[in-house]
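In structure tokens, the next block holds one chain alone, the form predicted alone.
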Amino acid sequence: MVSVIVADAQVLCRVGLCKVLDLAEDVEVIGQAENAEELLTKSKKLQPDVVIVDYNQPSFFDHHIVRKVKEISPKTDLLIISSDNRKDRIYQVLEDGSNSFLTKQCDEGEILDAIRATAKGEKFYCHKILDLIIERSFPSKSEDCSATPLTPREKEILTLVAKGKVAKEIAADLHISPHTIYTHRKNILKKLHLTSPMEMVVYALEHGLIDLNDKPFNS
């Protein structure tokens, strides 16, 4: 059972989201918060698996809330559901430790998928947010026809990582140990001069290894 705190200053949004979550047998709302102080108090006391919050609500929540929740409840993962379209702020809350990010236009199924992925420590972005991340942080580069410096196995693992597979799943698919997967991932990052899984996803997109039309990833 995934324990969740829902934080939103707008009562209709908060109650409406709780109604959606009540329909899921594997999700339990253990608390609600209408401002940052209430959220931090309840997060410290209840230690939820997931906090869902809209940080874009002045006087109630701001983009610092992600870091503050992580400080008092390190095992809690965060799912942002917000209508904010400022790319610099979106990237900031992702850097501060939020696992997943949806817009308020996302449907019920996508919200539940995001909660389940977030509870596992995975990442989940809707297509709109992924587009913004790529546009803001990784400007398009001129086409490069040079050969990719990766082995076939490394390309395979990179593709699976970008599509949302975690190390244990990739290891099971390829019939090798998780330790070997971690070693390959480290080598891929080093070869491509990358620093994070997010950059691996962008590389895979730019080189046609995955497609934005695929189901949203949760790596």
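Keep in mind it's a predicted model, so treat the numbers as computed, not measured. For clarity, a rigid core is taken as the largest C-alpha set superposing within 1.5 Å between two forms. One rule holds for the numbers: they count along the sequence shown, beginning at 1.
Although it is not shown, the form predicted together with the DNA is what the next lines describe.
The stretch among 64 to 72, 44 to 52, 150 to 158, 31 to 39 whose residues place heavy atoms within 4.5 Å of the DNA in the predicted bound form is 150 to 158. Contact annotation: residue 56 falls outside 4.5 Å of the DNA in the predicted bound form, judged by heavy atom distances. Remark: residue 188 does not count among the residues lining the DNA in the predicted bound form, judged by a heavy atom distance of 4.5 Å or less.
Using a 4.5 Å cutoff between non-hydrogen atoms, residue 193 does not count as a contact of the DNA in the predicted bound form. The shortest heavy atom separation between residue 176 and the DNA in the predicted bound form is within 4.5 Å. The candidate spot formed by 98, 117 and 120 is out of contact with the DNA in the predicted bound form: none of the three has a heavy atom within 4.5 Å. Annotation for 161 to 177: interface residues with the DNA in the predicted bound form are 166, 167, 168, 176, 177 [heavy atom within 4.5 Å]. The Cα shift for residue 56 between the shown form and the other one, taken after rigid core superposition, is smaller than 2 angstroms. After superposition on the rigid core, displacement of the C-alpha of residue 69 between the shown form and the other one stays below 2 Å. Residue displacement note: residue 196 has its CA displaced by at least 2 Å between the shown form and the other one (rigid core superposed). In the predicted bound form, the Cα-Cα separation between residue 156 and residue 95 shrinks by 3 Å or more relative to the displayed conformation.
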